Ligand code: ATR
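In structure tokens, one chain follows: the form predicted on its own.
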């Protein structure tokens, strides 16, 4: 079964040898690769548990959490469009998730109370370490498409990591001003030594973008440009230089136009598969309080993408 609805939750564990204990919610949710990521991990640890998809309508997230806990679910991933509503439906929210303005992981305690986390930012740090062998905090970073949820999560993580420069670029610059103010406030509030007032914002059509990219070391694309084979690069690829590290959060296709062109320019590249892997592994660790079997998870996603 591709997914369950709220009306079907009462029966998900009736006469089931392998009970559903973990799930992802979204709308739509049938396309989610979370089961292919988490089920191999559960199997690798010989845990008698299933991971399922549950489709939830906007406005029904809190109700869904209650029903899912009652049905035996003990950990939840949250995907679009529910990350903000999930945050509002938690009794406790991790401070970093609160700063990111979104929750993607729910942990239930023994009384059914919910704690919300966001693993996208910390997962990004692990992904950059794996792909490039360096911490984001040691890099000058520019985020293309920073007005969206993924962009904001990564930008927040860059503040946590105290990166020396952070430039946010977006098609509509109006979305970036409040994000910048929140990031500056966060940096001062936490007495961090990171960018603070060196956080810059730019529109994607600003002539200064070329210079901003040249002055950066890590270029992160969080836009959806590249999902289609005919998509161009989100900015002129000739701006990429050999010293750049280029990370595209898109993982299917494995090489977007941006990554193909950047590789030809001599830059080092990586796609978002590592982010998918590590943010999922962090969720797994929150639920089960043990190390996630990364290679089982990696192979599960790779098999799904091949299929």
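Numbering follows the first chain given and starts at 1. None of the values given here were measured: they were computed from a predicted structure.
Separately, the form predicted together with the named molecule exists; it is not shown, and the next lines address it.
Interface membership of residue 80, defined by any non-hydrogen atom within 4.5 Å of the named molecule in the predicted bound form, is confirmed.
Put simply, residue 157 is far from the named molecule in the predicted bound form: not one heavy atom of it is within 4.5 Å. A residue is said to contact a partner when one of its heavy atoms sits within 4.5 Å of a partner heavy atom; residue 91 fails this definition for the named molecule in the predicted bound form, lying far away.
Using a 4.5 angstroms limit between non-hydrogen atoms, residue 99 is distant from the named molecule in the predicted bound form. Interface residue among 175, 114, 140, 180, judged by heavy atoms within 4.5 Å of the named molecule in the predicted bound form: 175.
Of the listed positions (84, 204, 186, 107), a single one reaches within 4.5 angstroms of the named molecule by any non-hydrogen atom in the predicted bound form, namely 204. At a distance of at most 4.5 angstroms from the named molecule in the predicted bound form, none of the three residues 220, 262 and 268 contributes a non-hydrogen atom.
Checking 128-136, 212-220, 163-171, 68-76 against the named molecule in the predicted bound form, the stretch whose residues place heavy atoms within 4.5 Å of it is 163-171. For the partner-free chain shown, 224, 225 of 224-238 come within 4.5 angstroms of the named molecule in the predicted bound form, judged by any non-hydrogen atom.
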